[in-house]
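Consider the single chain below, provided in structure tokens and representing the form predicted on its own.
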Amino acid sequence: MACAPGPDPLGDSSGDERPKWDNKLQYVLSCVGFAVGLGNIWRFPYLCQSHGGGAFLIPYLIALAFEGIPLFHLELAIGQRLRQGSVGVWTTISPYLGGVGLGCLTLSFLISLYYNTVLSWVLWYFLNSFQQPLPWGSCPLDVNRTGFVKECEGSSTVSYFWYRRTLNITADINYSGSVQWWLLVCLAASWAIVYLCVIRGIESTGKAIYFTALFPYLVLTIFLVRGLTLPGAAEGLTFLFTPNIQTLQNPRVWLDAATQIFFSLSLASGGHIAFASYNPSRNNCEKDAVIIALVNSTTSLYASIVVFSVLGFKAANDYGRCLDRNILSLTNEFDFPDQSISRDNYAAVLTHLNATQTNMVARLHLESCHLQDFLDKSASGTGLAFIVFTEAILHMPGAPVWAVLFFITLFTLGLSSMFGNMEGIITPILDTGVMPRWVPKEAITGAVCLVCFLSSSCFTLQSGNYWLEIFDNYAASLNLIMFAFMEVVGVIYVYGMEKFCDDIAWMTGRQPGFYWRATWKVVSPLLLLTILTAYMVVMVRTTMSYRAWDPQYKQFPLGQEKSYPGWVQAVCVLLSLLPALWVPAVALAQWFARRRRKQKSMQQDTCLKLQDSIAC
């Protein structure tokens, strides 16, 4: 339904002095950079591979259509219409909902702490990539220089470099250990880079985003071309996308698809509301929401092809080395001539020997070599980035070059996401006027970055990785889902569906259609409530535990499963509730303030009546 633009229904001209994007491309790239982050590289491919390959795309696309895009459009529209950060938007909708904005601000702060710590690890690996050979390619010598370090020999070179040379991790979360100076320096450098990029808000991030948002696509394309030419790439991609429809019967697959869409688009943290608030009032936010959401999902698929073409090469390489070890054992045991057994005829030779020399073959304890088993050894998160993928790079010709490209790509992906996180913090602070107007924006931004750096320095302790996993698992997930539910209910049922649709008509020139109205009013709230309930059930049923890296563990290098001590469990619960506590706190504060005003008004009325009666 077309609608001719008329005067501003809100009659708000205060936004005229608000900074604006230099052009539409800056805004779109900023939203894409915020949405497309590390999760597109190291979480989506893992979920797709572990949840039925191509079949996972069915619940993923359903969640995109009925949860991701409608919520994304809602955030962009309300931010653009009210032209404020998260705190200002929710206070305008209702003073009782101001806690939602403060919760989003707190959530952005907590996410920034551990997200930029991951970037400091990426920076450490990037700096160590300018070596030939790569430092995670071999085990160091022991103290006596007569052999290799046992911890490295008992695990792998890449695992040793990650857990010992990088994290220098403790065997238990109860032992904090000391600050690792190299990680502290990298963390300071990461926050310095973030500060330089966000120092003047969108005026500076708008310039940096051209590189941080576009460069990863260039490198991903280079990796794709190289990956597809590597042996095993076809097997890796076949393994990734071969559909297993039966997995759709598992409710966890649908839950993971819904949460992946949600986290991937960076919804409910306040960053997109802040970005949209700098748009012209007449910008077509509906078109932006659809384009950016589709770009984000397409990037996830594109990254999956890149990742699994390389991981297919790694699996084929590991499978070949497994065969070579067995071939060497057979050659030595049966005195075969060198090179008489090849990888191609190994299966036939082994079958013949099993039939004729069963006992001798059994004594060799040959490894079980199946390509499928090596393809199954996928990982997500830091395990993919710092262990699995780095090991794959070791076997690629010109390994240092590929390592440099890989880690600079991860850094730029994470940096553009940090722009959105920081806007989710700084924009509400500036909008609410909690700081005096004479304090320059650069100083406020610097103070925020300094507080974030000091707060995140705990992750540079030897136990820092355990705490980062706690923040990742408990600080963000549940709160994001709760705030998204509050957002859609707050806008549609408190602000009002018709008022919101009229605002969109004023901004875009047409009323939202049936799809938008149905998803906002019914489908998205019900879907979010279902996800929230299911997620809470999963959290309650899941044991609060972690995997410790302990060289003394009998099954080392497997991680030792340990339960969190009581005080750590208390911290986990606090992190899960901390941002959401703002909602009832602000609502109660508003209720008491309104009650006091009402009582004061009644007292004044009583005094006036008494004065009138005395005068009479």
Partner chain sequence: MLWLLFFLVTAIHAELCQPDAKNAFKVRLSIKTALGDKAYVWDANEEYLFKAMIAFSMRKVPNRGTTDISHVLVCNVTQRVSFWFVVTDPSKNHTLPADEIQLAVRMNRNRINNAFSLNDQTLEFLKIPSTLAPPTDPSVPIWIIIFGVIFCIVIVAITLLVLSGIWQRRRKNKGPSEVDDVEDKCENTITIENGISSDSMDMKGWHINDTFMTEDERLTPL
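Residue numbers count along the first chain shown, from 1. So that the term is clear: the rigid core is the largest set of C-alpha atoms that superpose within 1.5 Å between two forms. Predicted model, so just to flag it, every value in this text is computed and none were measured.
Unshown form predicted in complex with the partner chain; subsequent notes refer to it.
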Original post:
Exactly one of 543, 146, 356, 368 has a non-hydrogen atom within 4.5 Å of the partner chain in the predicted complex; which residue is it?
Top reply: 146
**OP:** Using heavy atoms only and a 4.5 Å cut-off, determine which of 324, 502, 442, 376 is in contact with the partner chain in the predicted complex.
**Re:** 442
Subject >> in the predicted complex, residue 397 touching the partner chain (heavy atom, 4.5 Å) >> reply: no
**OP:** Spell out, yes or no, whether the shortest heavy atom distance between residue 433 and the partner chain in the predicted complex is within 4.5 Å.
**Re:** no
Subject >> Non-hydrogen atom contact residue 193 with the partner chain in the predicted complex at 4.5 angstroms >> reply: yes
Original post:
Is there a heavy atom of residue 126 lying 4.5 Å or less from a heavy atom of the partner chain in the predicted complex?
Top reply: yes
Original post:
Of 478 to 486, 233 to 241, 412 to 420, 175 to 183, which is the one stretch near the partner chain in the predicted complex, taking non-hydrogen atoms within 4.5 angstroms as near?
Top reply: 175 to 183
Subject >> Within 4.5 Å of the partner chain in the predicted complex: residues from 331 to 352 (heavy atom criterion) >> reply: 331, 332, 335, 336, 337, 338, 339
**OP:** Answer yes if the Cα of residue 143 shifts by 2 angstroms or more between this form and the one not shown on a rigid-core superposition, and no otherwise.
**Re:** yes
Original post:
Any chance the CA of residue 234 moves 2 angstroms or more between this form and the one not shown, core superposed?
Top reply: no
**OP:** For residue 360, decide whether the Cα shift between this form and the one not shown is 2 Å or greater, given a superposition on the rigid core.
**Re:** yes
